[in-house]
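Shown here is one chain on its own, the form predicted on its own, set out as structure tokens.
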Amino acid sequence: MSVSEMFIALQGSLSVDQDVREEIRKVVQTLEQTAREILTLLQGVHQGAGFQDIPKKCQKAREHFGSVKTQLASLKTKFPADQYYRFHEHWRFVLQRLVFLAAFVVYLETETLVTREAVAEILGIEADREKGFHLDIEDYLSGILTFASELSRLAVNSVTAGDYSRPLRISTFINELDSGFRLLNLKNDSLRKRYDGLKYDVKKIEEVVYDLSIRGLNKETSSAGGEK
């Protein structure tokens, strides 16, 4: 094979790879748009009237996740099943955002932490990497850390909306979440840096609860404040 023939063959391989990446990008763009729509919908809970509409907003968000399932099903077909991590960077960010959104919906519905398996089911993908297109553990954890930041914001806005018991419940939850993360030996630099931000979310929520106890706006928080 001549040098020119060798490079022509290489160009053929490059073209195929570029075509695959372009197809992936197109689907990821639709996923990002759907994620923005879900985020816009859920941001309404931070407004005063939004607290009365939480069940309705969660139901609508669940309907949007139906579109997410369809889009992810399409994404799976765009590359060989055994090359997940070769193209992972293309959808990593949007998948983390979808984890955050799914976790927020589940929390608003039940005030519990969604499992990785449950998120995978909501998204219509696998939890087990051996089964193909799956929810990577680090993507799950990154999404959960974003969700924690959203809860700190919710705690503040709950007070504005006159819901004085919610910040205490959020504080209990976020401290349990922090304790869970402390059990992990995080090797991923990006994930570890994001985890460092969790302590600020914990502190911010504790300040809200303490302020409520000082002002005597909630008997439970007053009791908690009196024990400090």
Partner chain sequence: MSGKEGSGGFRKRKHDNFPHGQRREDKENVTSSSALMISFKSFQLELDTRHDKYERLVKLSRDITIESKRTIFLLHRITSSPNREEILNESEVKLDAVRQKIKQVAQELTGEDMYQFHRAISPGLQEYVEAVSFQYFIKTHSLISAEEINKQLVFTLEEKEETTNTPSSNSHDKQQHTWSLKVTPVDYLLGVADLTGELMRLCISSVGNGDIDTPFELSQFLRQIYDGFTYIGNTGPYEVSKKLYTLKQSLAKVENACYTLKVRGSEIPKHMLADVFSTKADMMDREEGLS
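Owing to the predicted nature of the structure, the values given are computational and were not obtained by experimental measurement. Residue numbers count along the first chain shown, from 1.
Another form, the form predicted together with its partner chain, is not on view; read the next lines as being about it.
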Assert contact residue (its partner chain, in the predicted bound form, non-hydrogen atom within 4.5 Å, options 160, 179, 40, 52) equals 179
So which of 118, 156, 73, 113 gets a non-hydrogen atom within 4.5 Å of its partner chain in the predicted bound form?
113
For the interface check, one of 62-70, 25-33, 160-168, 181-189 should have non-hydrogen atoms within 4.5 Å of its partner chain in the predicted bound form; which one?
181-189
At 4.5 Å between heavy atoms, is residue 140 in contact with its partner chain in the predicted bound form?
yes
Just to confirm, residue 214 within 4.5 Å of its partner chain in the predicted bound form by heavy atoms?
no
Classify residue 129 as contacting or not contacting its partner chain in the predicted bound form by the rule of any non-hydrogen atom within 4.5 angstroms, answering yes or no.
yes
Answer for residue 83 alone: is it within 4.5 Å of its partner chain in the predicted bound form, judged on heavy atom distances?
yes
Under the 4.5 Å heavy atom criterion, name the residues of 11-34 that approach its partner chain in the predicted bound form, in sequence order.
11, 13, 14, 15, 18
